[in-house]
Each structure stands twice: as C-alpha cells, then as structure tokens.
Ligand SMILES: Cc1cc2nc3c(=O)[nH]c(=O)nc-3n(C[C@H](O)[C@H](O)[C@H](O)COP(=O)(O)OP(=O)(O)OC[C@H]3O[C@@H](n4cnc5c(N)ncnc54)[C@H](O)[C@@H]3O)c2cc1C
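Take a look at this one chain, the form predicted alone, written out in structure tokens.
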C-alpha cells in the first residue's frame, strides 16, 4: 500500500547504502512512494558489505529463536532463489566444521544440535568420511553443511540497487547525514554534500548506517549507552595462500570456535584464491585502519594449522580486512541483531538497525521484509 505524501519532501529516507540499506530500499520502494537512500561514500557498499567472506550462512551457530537465526535461514533461501533467477554469481560450495582433536568433539556436537534446532540440514561425519571430502585437513570428525555457499556481495548489491532504481528510488552519494529532528509527524534531516548543507523532510527514516548506526540514533536524541545501542568495532584481517597451495581445500572449512567469532576459516574467493580469516581485533580507539599487519603472520599461520597442519609461515601473505559493528564489548557474549521501530520513544516511523554483523549479508533480504513488517 502506498503511503500518502504529507507535508514532507520524501516518503522514506534510508540512511546507509550497504547491502542491508539497499535490500530495504529495494523492498520498500516496491510499495512506497519517493524512497531515497543517503550514502556518505562515493559508491554504495564500500564498507562492511564489500569487506567480508561473502559466505551464504546456513544458520548453524545462532541462538534458536533469535533474529539472527530466523533472518539468516529466511535470507539464505531467498538469496539462493534470487541468484538463480537473476544470474547473481554464487556457488553452493558447502562447508565443513572440523574438530582438530578429540577434545573438540563435545563442542562440535553442541554446534550440530544447535543447528538442528534452527532447522538446518546437517550431518556429522567421521574422520574417514571427512578426509574423503578434504584429504589435507586436520580432523577427527566434522559437521557437513550442504546449504552453506558463497555469493558475490557486489553482485547482490547491484541487484538490489537496480531493483530500487526500477521502482523509482533515488540514491544520493557523497551525502552525509549530520542532523535529524522530529517535527510533529515528519523528520527534518540535514545533510552535508561537499561544502554544502541542506535540509529536507521525510515521513519515515530507516537507520541502516552500519558502522555509524549508533551515531545516527544519537542524532535523533536517543541516549545510545542507556538504550544499549552503543556499537564496538571489531576488525577482521585475512591472509591469502601462495598459488601453489591454493587447491589444498575445495570448500569452506571452519574450525570449532574458541573465542569471539567463528575462528579463522578457509574460503575460496571469486578469483580462485584460497584465503583465511577473519581474526577478531577490537579497535579500542575507534580508528578505522584497513591495512593488514605483517606482524599477524605468525599467529595467523598457527590458527590455520588447526585446519591445515602442513602450512608454514611463508605460505601466506597479508590480503584484506573488514570492520564489523558489534553490540558487545570484547569478551562479552554475542548479542542479537537490534532492529527496532522506535514508536515507544515517540518516534513513529523511525526504524533503527544496529549490530548488524554476521550473518547480515545472508540475512539482508529477510531484514528488509522484517523492516517492512515493522512499518505496516
């Protein structure tokens, strides 16, 4: 149902042109008039959305009943469908979660049972069956996930962007939101474009600003610390394997997780390169630095040897990194996605999306539908 234009300049303003913002734009523009995406960078998807493993997660690890579990499963199926229908590059590459030794088998079974509770088809296979699939890995047994794959993040974002444009939407690049004020039934948004500042009004505001979503929430007057909206930044670096050893595995191979994150895992990128990552490095000072430190090589190689025991330090080279926004501090338990229509704060028409880390890419089309439902 199309919303009526009140005294506002646009119907819906979406702040952030990452994969989630674009997915929301594609969804809402199909039924709502005058949808605009405001993106501060030179192009859409330049931050977290283009600096990740590009994995289509099956939904194995997430707490049953959580938004992460629900939206990951829904989004996974929808992404596969979109890829087949619209020629978005993807591979149903499958995945193994391997126990390096007998001490990890209990945790492996716990992960397996959690995945089953989320409705994921999984199989526990023994050492012999695992080595038949991946003869070079360290294993005493593993979980086989047939629904895990990889997708071109850029291809997926391009599809959402094209769909958004076809529905009459507008993308405004190099457009930074610097102020938001609630005025009776509309929001007044001030943006900076180069040295110019301008103001317009919108009936609905979707905060999909990724790394800066808590700052956008604060602009509206929300106390982000009191609300539990403060985001913390975790950098994840990747190392790539030398070409002569790039065929050591043929699918995604994950260790049994130990600390934060899912552990340094093996993945194959679209150029056929074998890469490993990400690690988890909290950025205490909030400074974004995408360089990959050479000093990480030794620790990375040691982590990789949990999967591939024959690797030496000289086999890997620094590759890329990404930064994820998390709602928990270092050492705290993982938190769920936070997707809230702020009606109870007197902010009808404002939806905040915070802590959209993994599986945000996989969940993106389902997140878009969830946002649409919150506004209906």
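The structure presented is a predicted model; accordingly, all values stated were derived computationally and were not measured. Positions refer to the first chain, counted from 1.
Here the subject shifts to the form predicted in complex with this ligand, a form of this protein not shown in this document.
Undergrad: Taking the partner as it appears in the predicted bound form, which of 201-209, 159-167, 92-100, 268-276 has residues with heavy atoms within 4.5 Å of this ligand?
TA: Contact-bearing stretch, as computed: 201-209.
Undergrad: Can you work out whether residue 104 and this ligand are in contact in the predicted bound form, taking contact to mean some heavy atom pair no more than 4.5 Å apart?
TA: Residue 104 lies outside the contact set for this ligand.
Undergrad: Check whether residue 51 has any heavy atom within 4.5 Å of a heavy atom of this ligand in the predicted bound form, and answer yes or no.
TA: Yes, residue 51 sits close enough to this ligand in the predicted bound form that at least one of its heavy atoms falls within 4.5 Å.
Undergrad: With a cut-off of 4.5 Å between heavy atoms, is residue 75 one of the residues that contacts this ligand in the predicted bound form?
TA: No.
Undergrad: Can residue 339 be called a contact residue for this ligand in the predicted bound form at 4.5 Å between heavy atoms?
TA: Residue-level check for residue 339: no, no contact with this ligand.
Undergrad: To verify the annotation, which of these, 26, 60, 38, 311, has a non-hydrogen atom within 4.5 Å of this ligand in the predicted bound form?
TA: Of the candidates 26, 60, 38, 311, 38 is the one lying within 4.5 Å of this ligand in the predicted bound form.
Undergrad: For the stretch 13-42, I need every residue with any heavy atom inside 4.5 Å of this ligand in the predicted bound form, listed N to C.
TA: Contacts from 13-42: 15, 16, 17, 18, 19, 20, 21, 38, 39, 40, 41.
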